[in-house]
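Only one chain is shown below, in structure tokens, and it's the form predicted alone.
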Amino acid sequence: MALTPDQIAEAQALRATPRPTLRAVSEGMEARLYTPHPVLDHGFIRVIDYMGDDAAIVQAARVSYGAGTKKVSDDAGLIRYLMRHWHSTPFEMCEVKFHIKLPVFVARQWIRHRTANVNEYSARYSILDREFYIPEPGQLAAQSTVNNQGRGAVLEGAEAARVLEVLKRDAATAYDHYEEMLSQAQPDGTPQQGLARELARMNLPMNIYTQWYWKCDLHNLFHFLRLRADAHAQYEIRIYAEEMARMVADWVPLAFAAFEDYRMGGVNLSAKAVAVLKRRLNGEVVGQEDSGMSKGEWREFVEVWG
């Protein structure tokens, strides 16, 4: 993980000068503010700012009940109700802003979540660092034979070593050429104009690191985590999501507990799946052929229900 000296100094200064506030404060998130948490070989994620806490979710939900209405449930119960019945607006009252350093190919997958505000480090104005994501040997795997998006068996021996060497060599060569194109002098010292940064960057590989600020409300952040912190998500984005989830658990513990229970730990059933379960409970033996489900649906059903 590499923060610049200026970023380190900024984080230290901000943590050293706390300020009194009338805003709602989450003690768990205050402990997280500005501190970078390492991810992958050179990446990190840190919280830059946040708004709201569990109480903000409850406040937003109860505002529509009208003055004088009794609180018939405690905060945890209300939050669980909101999560259980897929209410979204109260969770949108909380927001968080992250500073994230990540490989470009992960960023391109991440940006598919179009419900955040994003500002990325610009390689038009600045020169990218010589930092590349090189997987650990245990993350080098063959293509899955049952999932077009997934990994299969881990590569071993000479094949794994060859792949790692190719990744390292190609990344180094591409960056060398990037520097040569930017330079105003050829290797022998002959002056040259040097290629514009916005053009030279096209030669860089997808495993080079970029950085961005990513701001999102809690409702959409939960949606991101449900997909990307899932065991089926690609490893490289999943461990960012898992680190982010630990931060969210400290920020809004009641909401995160409900999210874990109903979204991460829960299961959504189709009408056909409900019908199969009812038939099974009545003692009937049901197979894929008479379930009304496709093979893919049935495989996913069996993974959960046996």
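Basically, rigid core = biggest C-alpha set you can superpose within 1.5 Å across the two forms. The first residue of the sequence shown is number 1, and the count goes up from there. As the structure is a computational prediction, the values presented were derived from the model and not from experiment.
Beyond what is shown, the protein has a form predicted in complex with a further copy of the same chain; the following relates to that form.
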I'd like to know if Ala9 sits close to a further copy of the same chain in the model of the complex, meaning any non-hydrogen atom pair within 4.5 angstroms. no
Taking the shortest heavy atom distance, is Gly296 within 4.5 Å of a further copy of the same chain in the model of the complex? yes
Consider Ala249 of the chain shown here, and say whether it contacts a further copy of the same chain in the model of the complex, taking contact as heavy atoms within 4.5 Å. no
Does any part of Lys97 reach within 4.5 Å of a further copy of the same chain in the model of the complex? Heavy atoms only, please. yes
Taking a further copy of the same chain in the model of the complex, which residues along 110-139 bring a heavy atom to within 4.5 Å of it? Ile111, Arg112, Arg114, Ala116, Asn117, Val118, Asn119, Glu120, Tyr121, Ser122, Arg124, Tyr125, Ser126, Tyr133, Pro135, Gln139
Comparing between the shown form and the other one on the rigid core, is the C-alpha shift at Leu22 2 Å or larger? no
